[in-house]
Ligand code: PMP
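We begin with a single chain expressed as structure tokens, specifically the form predicted on its own.
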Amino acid sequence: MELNEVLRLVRKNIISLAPYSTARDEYKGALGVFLDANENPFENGYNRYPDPRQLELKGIISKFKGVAVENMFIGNGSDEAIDLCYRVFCNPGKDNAVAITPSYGMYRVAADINDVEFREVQLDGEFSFPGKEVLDLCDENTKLVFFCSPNNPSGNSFPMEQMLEFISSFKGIVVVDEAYIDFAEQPSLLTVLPKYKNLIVLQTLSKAYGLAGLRLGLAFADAEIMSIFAKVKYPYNINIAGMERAKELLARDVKSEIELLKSERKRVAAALKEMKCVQRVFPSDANFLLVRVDDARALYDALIQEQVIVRDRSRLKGCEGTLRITIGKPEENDRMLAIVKDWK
């Protein structure tokens, strides 16, 4: 899609929206005397409002993601970016969004909050990419399509070529959630972002980078789309403490941690396959495994009794009889494996 076609998808009231503006947005000089925002003038590290554009943190992220600052949005978790997709593109009570299921539950929650019809395509038993089925469910009011790859809770990545073919053929916005991409073998769609004006890629600093407690989610798209996100978001959506701590922690090299988790994923999967109660361990490109067992709820309760917490996904259609097990440190994985082995 051409950019002008993409911009026509934006809600008319959002296109004409005059964003909240501060004097700091207009002031470009060096630090001076700030008498504009009714702040407390006595310095304690947090008496001033944070940079609403997060330029310094974006500059750091830009270097290791290989994406320009103007193509980036930082949100209060990826959930803020998901919500903004609806608020920017979907007219309440009129437009709809399509997603796969089972997948991340916030796509539906955000749709419900924004009064947007939410349609789902059930994945098959192998959790294969359902491009044709998704397109068949779309109509003239479908503004958004969500794909999670690697998918949560199944753990598999969708083939890049199939996703790109879909993005090229769909006349709306395609949102690809790559929260777990750092654990995958195939490359991120960030590598082709400039070619697809209707593509929004979501990522997070919560998983591989270990910053879940700071709630920092990322969106990447054409600069025009990101500028619209910036004017719709609340002005100071990321606080100073979170930004400062993120800048410190992002200086760490997490490659060794990622490689250890990938190695542990392989080891844990092999060990689980040998256990009597395990029917299947699904392939995973994420930092978790989806495991089908004889009696998921009973095993879940047994693990809880030993203070090992996993996620029971049995109630999800397509995930009957499964547990989702996050890959922890080796000793944590060993404790979980011992309980599963001795169960029954």
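Because the structure is a prediction, the values reported are computed rather than measured. Start at 1 and count along the sequence shown; that's the residue number.
Heads up, the form predicted in complex with this ligand isn't pictured, but that's what we're talking about next.
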| property | result |
| --- | --- |
| Stretch in contact, per heavy atom within 4.5 angstroms of this ligand in the predicted bound form, of 255 to 263, 144 to 152, 91 to 99, 233 to 241 | 144 to 152 |
| Any non-hydrogen atom of residue 87 within 4.5 angstroms of this ligand in the predicted bound form | no |
| This ligand contact in the predicted bound form: residue 169, any heavy atom under 4.5 Å | no |
| 4.5 Å heavy atom contact, residue 130 to this ligand in the predicted bound form | no |
| Partner contact for residue 196 in the predicted bound form: this ligand, 4.5 angstroms, heavy atom | no |
| Non-hydrogen atom within 4.5 Å of this ligand in the predicted bound form for each of 65, 200 and 220 | no |
| Position in contact with this ligand when the complex is considered in the predicted bound form, options 173, 225, 179, 74, heavy atoms within 4.5 Å | 179 |
| Within 4.5 Å of this ligand in the predicted bound form: residues from 71 to 101 (heavy atom criterion) | 77, 78, 79 |
